[in-house]
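Taking the form predicted on its own, here's one chain by itself in structure tokens.
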Amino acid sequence: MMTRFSFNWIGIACVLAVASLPAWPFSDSYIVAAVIRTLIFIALGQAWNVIAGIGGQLSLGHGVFFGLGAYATAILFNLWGVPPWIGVWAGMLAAALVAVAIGGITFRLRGVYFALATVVISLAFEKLARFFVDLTGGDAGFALQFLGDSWWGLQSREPTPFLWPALALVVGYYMLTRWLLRSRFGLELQAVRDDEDAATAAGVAVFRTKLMGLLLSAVMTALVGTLHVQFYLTIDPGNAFGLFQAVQIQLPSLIGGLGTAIGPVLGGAVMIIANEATNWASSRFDVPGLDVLAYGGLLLFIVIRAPEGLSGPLSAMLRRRPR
């Protein structure tokens, strides 16, 4: 019977295994790159989980913060030579300012206003990114100047150097989520999620709590956007601010389990594995669209069989005690 102690050791073993992946005999650039993509995907789900899973505020356009982090870093680097180590702060600041604007307008209201506002802002930024071609590259996208292997520019010809920052980001976000679930601020977020009136009666500053939760989530998302653009060396309006990107950000938590620390990790890993498997099957059998159909069917199966997410059955196992 699995206990929480053994589960923690399994987690540590997984982290060590991923960290040592380049040293494995069968490891190659494709496998390392796939793991990095998985880690980036998980980190985005962890950032969204803070405001949507723990705070209960459904953000349908969270890609706006991701896009701001990516574009701010890339534009500062190409136009003025600002290294990403500094540009990332500009991206996080831009995301924080937009979060304050959205939260300041919508969090004093009830209902779907916040969700609608995030969609509208995200679509507006997508249109702006397509319009200002000289600044953002327009529909063609924005490509970073490639310096080769450069720690100053956070660039590399091989994917391996990005493995450890991406892993550190996922582990850091996981520990932050666990802290939030036990801290006073995290408990206030959960109280607001469950019942705003009861939280207000208990002395929780509802508006401030929701705004601080959104700020934290936005800054976390922008940081992942910087890592994403440095890894791929390109960004375009659709991948930055599009609704498809926003949905992709939500899926790890929805599949793995909302409001839990392990949920986005499980959901992101399962989704990337499913995506890679269905892509391989589609190319192997030469059936266009098979990957999308199989991928969607698998996700639907998981949602039906585990409506609370994959972390639900896992939590049930941990609650059982051996005789």
Partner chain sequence: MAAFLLEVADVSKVFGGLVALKSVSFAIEEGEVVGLIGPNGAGKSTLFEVVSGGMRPTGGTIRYQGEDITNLPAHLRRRAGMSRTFQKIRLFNNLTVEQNLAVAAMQSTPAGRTWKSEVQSALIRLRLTGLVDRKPSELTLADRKKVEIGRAIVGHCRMLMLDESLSGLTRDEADDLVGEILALNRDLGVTILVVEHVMPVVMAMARRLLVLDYGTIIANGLPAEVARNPDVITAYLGTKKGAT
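Residue numbers count along the first chain shown, from 1. On a predicted model such as this, the values are computed, not experimentally measured, just so you know.
FYI, the form predicted in complex with the partner chain isn't displayed, but the following is about it.
Residues within 4.5 angstroms of the partner chain in the model of the complex, judged by any non-hydrogen atom, belong to 179-187 and to none of the other stretches in 135-143, 150-158, 84-92, 179-187. None of the heavy atoms of residue 100 is located within 4.5 Å of the partner chain in the model of the complex.
The partner chain is not shown here, but in the model of the complex it comes within 4.5 Å of a heavy atom of residue 204.
Taking the partner from the other structure, the partner chain in the model of the complex has a heavy atom within 4.5 Å of a heavy atom of residue 198. Among residues of the shown chain, residue 210 is not one whose heavy atoms approach the partner chain to within 4.5 Å in the model of the complex. Of the residues given (115, 215, 191, 171), 191 alone sits with a heavy atom within 4.5 Å of the partner chain in the model of the complex.
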